[in-house]
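Listed next as structure tokens is one chain, alone, in the form predicted on its own.
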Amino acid sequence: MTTSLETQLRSRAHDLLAEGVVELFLGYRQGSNPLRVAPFVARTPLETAKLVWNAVCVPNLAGTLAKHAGQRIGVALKACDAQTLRELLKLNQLERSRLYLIGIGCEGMANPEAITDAAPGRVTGLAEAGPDLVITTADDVVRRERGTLLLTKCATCTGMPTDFCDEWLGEAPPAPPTVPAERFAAVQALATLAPAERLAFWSEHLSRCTLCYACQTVCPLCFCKECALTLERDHPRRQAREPMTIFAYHLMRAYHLADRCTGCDECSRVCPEDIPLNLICRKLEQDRSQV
């Protein structure tokens, strides 16, 4: 089902390309099932018909922009994407003059896993109906309040200034006056554990790490062409997956991002071992906010 925002987005992207304002337009296309989308670059006005905007447009588009640096490109941004893009601009990784930014009145993205858990079977369709999501399976249709299915990062979104974008589609949600306390709830829960218990928590999770570097690859703010922390595939320490090598990689990577991570949680989303990597950077974010 095409939403009003999706129709508006396709129309604006079509016009921007047709009028030569941009050479490319970056958004999302539908993936292999109703709960998957993927970054998509429209290069002609006709290709904008493939753009989608729905409740599972989760991937951060800011990192994809770097692949097209030097070209005039339009992009549809959620608040979390915009926060990351603002950091990339501060770090001189992109030129603001070559970007046309369309902010989307995002109501928060739903967690695909939560949608799957709420469905009585394989999900075959997903639609928005006011504050609810309508989930279709082969045998049933269920409605769930969108707010109960949100990603954690969306439930504690810090918003973005409305003057950051060139234009807005939908209603721009007001940024909360302060960072929601719930944003650091998981970090605070860990802090209540004894040091030995915290060590056990991270030892258990990081024991599953295969050093695949998916977290590094997806991170929009990991943009070094050569990383001192990355080991070659056939390196003995990568093959051995020594605990100290794994601990050192994740801690050093977190400290490298300490003053720039925006909490987009892409690292946790793509981790094939479901390691809560976002908690490391969220702890540093909490410490930074208290300085």
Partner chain sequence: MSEPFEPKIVGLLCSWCAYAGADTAGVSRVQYPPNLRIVRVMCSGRVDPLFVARAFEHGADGVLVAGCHPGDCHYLSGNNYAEERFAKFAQLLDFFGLDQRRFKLAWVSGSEGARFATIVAEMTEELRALGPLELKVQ
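This structure is a prediction, so every number in the text was calculated from the model and none was measured. Positions refer to the first chain, counted from 1.
Quick note: we don't show the form predicted in complex with the partner chain, though the next part is all about it.
Residues within 4.5 angstroms of the partner chain in the model of the complex, judged by any non-hydrogen atom, belong to 193 to 201 and to none of the other stretches in 108 to 116, 136 to 144, 193 to 201, 74 to 82. Note on the partner interface in the model of the complex: the residue among Leu17, Leu279, Leu9, Cys267 having a heavy atom within 4.5 angstroms of the partner chain is Leu279. In the model of the complex, the partner chain sits within 4.5 Å of a heavy atom of Arg237. In the model of the complex, the partner chain lies farther than 4.5 Å from every heavy atom of Phe40.
Although the partner is absent from this view, Ser207 contacts the partner chain in the model of the complex, with a non-hydrogen atom inside 4.5 angstroms. The closest non-hydrogen atom of Pro243 lies within 4.5 Å of the partner chain in the model of the complex. At a distance of at most 4.5 angstroms from the partner chain in the model of the complex, all three residues Val187, Ala258 and Lys283 contribute at least one non-hydrogen atom. Residues of 248 to 267 placing a heavy atom within 4.5 Å of the partner chain in the model of the complex, in sequence order: Ala248, His250, Leu251, Met252, Ala254, Tyr255, Ala258, Asp259. Between this form and the other one, the CA-CA gap for Glu232 and Tyr249 narrows by 3 Å or more, being smaller in the model of the complex.
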